[in-house]
Ligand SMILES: Cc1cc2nc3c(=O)[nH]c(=O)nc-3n(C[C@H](O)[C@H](O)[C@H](O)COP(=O)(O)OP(=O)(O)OC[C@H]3O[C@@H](n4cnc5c(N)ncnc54)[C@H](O)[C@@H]3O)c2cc1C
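Coming up is one lone chain in structure tokens, specifically the form predicted on its own.
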Amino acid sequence: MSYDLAVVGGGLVGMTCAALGARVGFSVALLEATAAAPGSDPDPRAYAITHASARIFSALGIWPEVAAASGPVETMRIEDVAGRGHIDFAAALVGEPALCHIVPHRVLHAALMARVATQSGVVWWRPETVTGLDATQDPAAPCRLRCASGRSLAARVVIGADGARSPLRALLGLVPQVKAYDQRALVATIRCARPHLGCARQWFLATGPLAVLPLAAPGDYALVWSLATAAAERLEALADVPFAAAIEQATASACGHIEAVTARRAYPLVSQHLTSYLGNGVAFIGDAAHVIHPLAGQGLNLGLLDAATLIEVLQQAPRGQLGARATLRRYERWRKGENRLMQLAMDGLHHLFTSTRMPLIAARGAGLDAVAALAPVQRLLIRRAMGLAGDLPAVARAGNG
């Protein structure tokens, strides 16, 4: 069997990439190691979906249903508890109804699975694990993937979207630069007595940043609390009532009494980046290429832009040059700098707000207050974070239809 594209990895970025590729006329094989049913993934995470990402989902026809099950963030308050600084961002400052939308993983996963299942041009190979890859430097010669089932397939381009521990990346002998933070992000959904009114809040605490993000129901919030590994493990092991009490204490009961807590999970935090996103006829996207600290909730958005950019680059290339190094290098040049800049920014913020040095504590508090007093600077930061600015692929720009 032969395809234009073989997308290895059926997560959110991989499914998006496969659907975008088929949308513009490519034949696509999507290889996924599991065979989960829509909505069965227990992942408790939620994502801050930017306007750029929403446009990508609109192009795939799934955004209306996803938006209906999401929480629009109209305002956001960021507080540095030690530095005594704070800043408020409002979507109205840039003439938009929302800064972003908070979408539960299960909602996005189910919508994308349904889209891929009905997308003409996508053949879903699952459960299927890639065990070998044969490629040459000849762009006209397709790559061949060998699978654990004994089946094989050929593809002009192989796209690695198989996550931070990418088995495909390991097959090629590519090793990312990794920096471990000795932190875990504790993630849960909480139901509180006080409605969120579309406001997201983030506190920079001595223990690490804690964010509560509005979900679709008025009293439901997505919690993301980054803590030292030992502290995260202790909190994760608590029963619901003492766990809720710890959150109330850390947030000074800003959300009111916590009435319920869903199943929770702690994720190790690392920063990693591939020196090169490419192999012969292979391109890596999403977490397989880069992982950043979740401070600003940009990880998934970067991966979605990778997928949209790569498909645009391939769409513009001659059919016989899809897997050519020059073609794939255009994708790498477009996205690598943007991803690396965001990674360095998040790493810098992490170190700034975890520092216990008094001069830095005072400076960061004053810095937040200074930005709060400068509306033009706020507009610039908001537009960038919302996906309203930057070098975006066409499908992620306003007016893409």
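Sequential numbering from 1, following the sequence displayed. For clarity, every value in this text was computed on a predicted model and none was experimentally measured.
Although it is not shown, the form predicted in complex with the named molecule is what the next lines describe.
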message: Under a 4.5 Å heavy atom criterion, is residue 297 part of the interface with the named molecule in the model of the complex?
response: yes
- prompt: Is there a non-hydrogen atom of residue 51 within 4.5 angstroms of a non-hydrogen atom of the named molecule in the model of the complex?
  reply: no
- request: Could you confirm whether residue 32 comes within 4.5 Å of the named molecule in the model of the complex, counting heavy atoms only?
  value: yes
field: Contact flag, residue 312 vs the named molecule in the model of the complex, heavy atom cut 4.5 Å
entry: no
- request: Have a look at 163, 208, 279, 104 for me and say which one sits with a heavy atom within 4.5 Å of the named molecule in the model of the complex.
  value: 163
query: Ok, 220, 74, 128, 80: which has a heavy atom sitting within 4.5 Å of the named molecule in the model of the complex?
result: 128
- prompt: Any idea which of 297 to 305, 192 to 200, 316 to 324, 240 to 248 reaches within 4.5 Å of the named molecule in the model of the complex, heavy atoms considered?
  reply: 297 to 305
query: Quick one: which residues from 1 to 25 get a non-hydrogen atom within 4.5 Å of the named molecule in the model of the complex?
result: 8, 9, 10, 11, 12, 13, 14
